[in-house]
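So this one's two forms of a single chain, laid out as structure tokens and tagged structure 1 and structure 2.
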Structure 1
């Protein structure tokens, strides 16, 4: 057994858990490298890693049926209920009870962009980045409701420093420094198929981000959750950075969430076709609401239809949620009520016996929608694809920069039409700055639109 003053307990735990291979090149490490490595090992929960390895193949679902959801209103009663939700939501927002939380740990590599995905330019006329669009929406909400809206941003080890620098360079796009919270996602070690911890280098472990479900844990470990409690925030609006259409503070959605005393509320849209690659909301046999990933939904269920001819499993998850702060506190407090880890087998480039090799490894991650079945208090709320879902995942084609920009332009054109504002037939692209409007009612009907091909209104 190796020795190092002050780290005997750490070293003993490594040996006790059969991970002594990690010290294969101990003699070749410098004193600084040894200390850094042992500090990292001191943070590892070996019991957790052993449990994850033992339970990696136990994923199973209960019987389920389509989840109930609040649909787009068709009846007078539904419209009346929606008006009540709108009134309550405005009241909740104006009371300063809501924070915005974006998950932004990804890089823009699939888009051919070298940097955080949030820095990718997506404005069809302005060229504004995803981060700028989201931030300016939050500024506009603050002005609209005369409040300060905290903006929580979860980054990754890979893009944290660049994200912080980007916001600093642009004066946080108008968000007060005290209202901006940027923090890293937590990391978890990976294993090989025999349960051995892997090395990224000879003196550091191979780790991966713990999934979008880990965002809730990161709220806790970063101190952001405690900061929200001190500010009286009790609802956290969760969304992903690559969706420029998201309505971050939707008063109707927030109103339903508050009126129904939900712990978690989720937006859904109707699937365009059975094979669409989005998870679906279901109700398990124990009555709890959850999400089944598209890859886990049996084909016969994906094609099942109602008497009306519509898909039975039609309510698709688009990663827009409201979480009660108290609920997040309960599931991140180290109790048995917490999000499960899922296992994915991946090819990982690891340091093995003096060289880098690509090996079959196990990565562990949490899914944010696994929070839903942990409570009986859920709301699933239907929204319209053309109004709130334009993910930027690919350079071209489906869910691309092109499709997102087209959807943004179409939506903003529809806002102008709703206010009775004419747009020239020569205009092909319309973009409205979030600082001008986050919904049609924000637009002054006396506004005049320039008769140009590409229009930007701010």
Structure 2
């Protein structure tokens, strides 16, 4: 067994868990590298890694049926209820009780972009990045409701510094420094298929961010949750970095959340077809609401239809949620309740004896929607796809930059139409700056649109 002053207990633990292959190149490491490596190993919960490996394929679900949800209004009663929600939502926003929270710690591997995904340019005319679009929406809400909206950004070790630097270089896109909170999520080691820890380089472990579900813990451990408590924030509006259409402070959604005293509210949209790769909202046999990943929904259930011919499991999750601060505090305070880890088999580029190799490995991640069944007080709220969902996951094709830009242009065109503003037949692309409008009502009906092929309104 190797030894190192002050670290023998850590080394012993590595051997006890059969992970001594990690020290294969110990003799070649410098003093500094050894110390860094041992400090990292001291943080590893080997029992957790063992348990995750042993239990990796056990994803058991209770029985479930489709979850009830607040649908797009069809009746007068539903329209009235929506108006009441709108009024309440505006009151809640005006009282400064809501913070915006984007999870941006992912690796964006499908997009293949080298850098934080938030720096990816998506504005169809302006070329504005995802981060800029989100930040400018928040600035606009602040002006509209005469409040300061805190903007929380979760990063991971891989993109934290670059994200911080990016906001600094651009004066936070107009957000006051005191309203911006950028913090990291946890990282968790990956394993090979025999349960061995892997190396990223010869003196550090291969780890991955612990999933968007890690965001609730990170809010707590970073101190952001405490800062929100001190500011009187009690609703956290959660969204993903790769959806430029998200309505970050939606008064109707916030109004329903508040009126129904929900702990968690979630937006849903009608699934386009049974195989669409989005999770669906379900109600488990204990009455609680949750989300089942598309890969876990049995095929016959995904095809099941109602008498009307509509899909039974129609309410798809688009990862937009409102979390009560108190709820997050409750579930992150102790160690008893913690979100489960899911396992994904991935090719991992790791360091093995002097070279980098693609290893068939196991990545562990928490999913934020696993928090839903931890409460009985949920709202699931239907929204329209064309108004709110344009995920940028791939370079081309489905859920790509192209499709997101088309959706942005279509939506902004529809906002102009809603205000009775004419757009020339020569115009092919329309983009409206978030600083001008976050909803059609923000646009002055006397606005004139230039008769050019590509229109940018700011």
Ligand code: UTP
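Between two forms, the rigid core is the largest collection of C-alphas that superpose within 1.5 Å. Positions refer to the first chain, counted from 1. Only a predicted model underlies this, so the values are computations on that prediction, with no experimental measurement involved.
Between the two chain copies, the one drawn from the form predicted on its own is structure 1. If you fit the rigid core between structures 1 and 2, you'll see the Cα of residue 50 move by 2 angstroms or more. After superposition on the rigid core, the Cα of residue 308 moves by less than 2 Å between structures 1 and 2. With the core held fixed, residue 111 shows a CA shift of 2 Å or greater between structures 1 and 2.
Relative to the superposed rigid core, residue 41 shifts its CA by 3.8 Å between structures 1 and 2. The Cα position of residue 29 changes by 4.8 Å between structures 1 and 2 once both are aligned on the rigid core.
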